[in-house]
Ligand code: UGA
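The chain below stands alone and is given as structure tokens, in the form predicted alone.
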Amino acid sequence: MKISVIGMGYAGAVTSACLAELGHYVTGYDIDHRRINSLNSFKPQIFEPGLEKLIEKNCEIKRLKFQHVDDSDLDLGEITIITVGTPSDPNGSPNLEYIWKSVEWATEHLQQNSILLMRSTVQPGTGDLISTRFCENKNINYISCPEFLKEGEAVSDFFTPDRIIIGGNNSDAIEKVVDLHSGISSPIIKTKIIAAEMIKFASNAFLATKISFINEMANFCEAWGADVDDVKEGLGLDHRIGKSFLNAGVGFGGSCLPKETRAFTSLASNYGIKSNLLESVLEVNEYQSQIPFRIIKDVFADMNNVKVGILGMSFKPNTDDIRESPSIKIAQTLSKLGCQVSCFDPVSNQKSEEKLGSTVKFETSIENLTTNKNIILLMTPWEIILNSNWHQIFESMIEPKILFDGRNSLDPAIMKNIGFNYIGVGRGISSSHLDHLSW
């Protein structure tokens, strides 16, 4: 099929490259000339394992190309896919400005009986509104097919999804979207448009809830001296619960879970619904992100000139995405309080520096980051960080040599044996156990 994809961010670039790999002829569109040029040079502005090679391969065999919307030949093909961003408004509700602009542009150029397919996350009811306002009078079929790509694993997720959700009102259009995914062996759920939209929101809200639940359990474990990792294993072996998304830490970040959970609570209030559970999920998440601040406040009498090293700035490993990253929040907070903050990330240093400016210092190596620091905050468990020479790091630090493991990624016994004043999340080793320290 001839396919067009509008919006070349994380989801759009991956969707374009992967559809081309399935054998379709794909054109990716964006309004940013720099982004288009970087993609046509096989150097996407985003870091996603496997994406660069996939783009290069399919561009070279002429199944994939990228164009600015102003340079479009206006032949959008049989299916046009929208993957533009939906940032949050100040009240938490999704801002659909780019959705409306993309829909209007696409439907002006789409041929009759073509398909407008929405992969961006939009609030329930948006698809029916788009269909009525833009599609029906032009005989364009609207389909909701939300994406469930995990950053850092997006390419593999595209080819091996847990499920494919297709919401639409026209059975022929639905079957054509089924054909679009030929070559992918996954369950397909065919449903109404609004149900497809709800599935996307509900999925992310549930994952956010699961993370905040285990973090709340971690706080209980901390109080009672239990290890949340033991609790996690016991919980996860229950098939009704499962092991995924049960890692205690400094909270969730990224472009999906925080934004869409806030959106759910905001949209619910528009209908007079009080979202007690999801509001609490967000409260727990904010509380977790401030754990490093509370540790430093407990240990150091004067926060001015405390030397802090932050290992990892992206919200998770294998991505350069710093949106809603706990590392960014804590770096900003500690810097405002007078701490001397240095940061390192193997991929997202540049984006982090653009976000934080000169308020913190960025280092180009783990060794430089950890030297002469009072406390190290391990915030993102990149393999290169976890496999560091921790004996050398310990020797390079200055007292009290605190190591905060914000993702419970290290063995506490090993770290304490090296000599670190080790603190995890919910491992019964809180800063209150460091009362002998006085700085």
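Position 1 is the first residue in the sequence shown; the rest follow in order. Model, not experiment: these values are computed from the prediction.
Form predicted in complex with the ligand: not shown, discussed below.
Would you mind picking the one in Leu149, Ala263, Val122, Leu76 that has a heavy atom within 4.5 Å of the ligand in the predicted complex?
-> Only one option qualifies, and that one is Leu149.
Check each of Ile99, Ile366, Cys256, Leu180 and return the one that places a heavy atom within 4.5 angstroms of the ligand in the predicted complex.
-> Answer to the contact question: Cys256.
Choose from 350-358, 87-95, 205-213, 303-311 the stretch whose residues reach within 4.5 Å of the ligand in the predicted complex, heavy atoms counted.
-> Going by heavy atoms within 4.5 Å, the stretch is 205-213.
Please check if Gly251 has a heavy atom lying within 4.5 Å of any heavy atom of the ligand in the predicted complex.
-> Answer yes; at least one heavy atom of Gly251 falls within 4.5 Å of the ligand in the predicted complex.
Hey, in the predicted complex, does Leu246 get a heavy atom within 4.5 angstroms of the ligand?
-> It does: once the ligand is placed as it appears in the predicted complex, Leu246 has a heavy atom within 4.5 Å of it.
With heavy atoms only and a cut-off of 4.5 Å, decide whether Arg407 touches the ligand in the predicted complex.
-> It does: once the ligand is placed as it appears in the predicted complex, Arg407 has a heavy atom within 4.5 Å of it.
Lys297, heavy atom within 4.5 angstroms of the ligand in the predicted complex = The answer is no: Lys297 has no heavy atom within 4.5 Å of the ligand.
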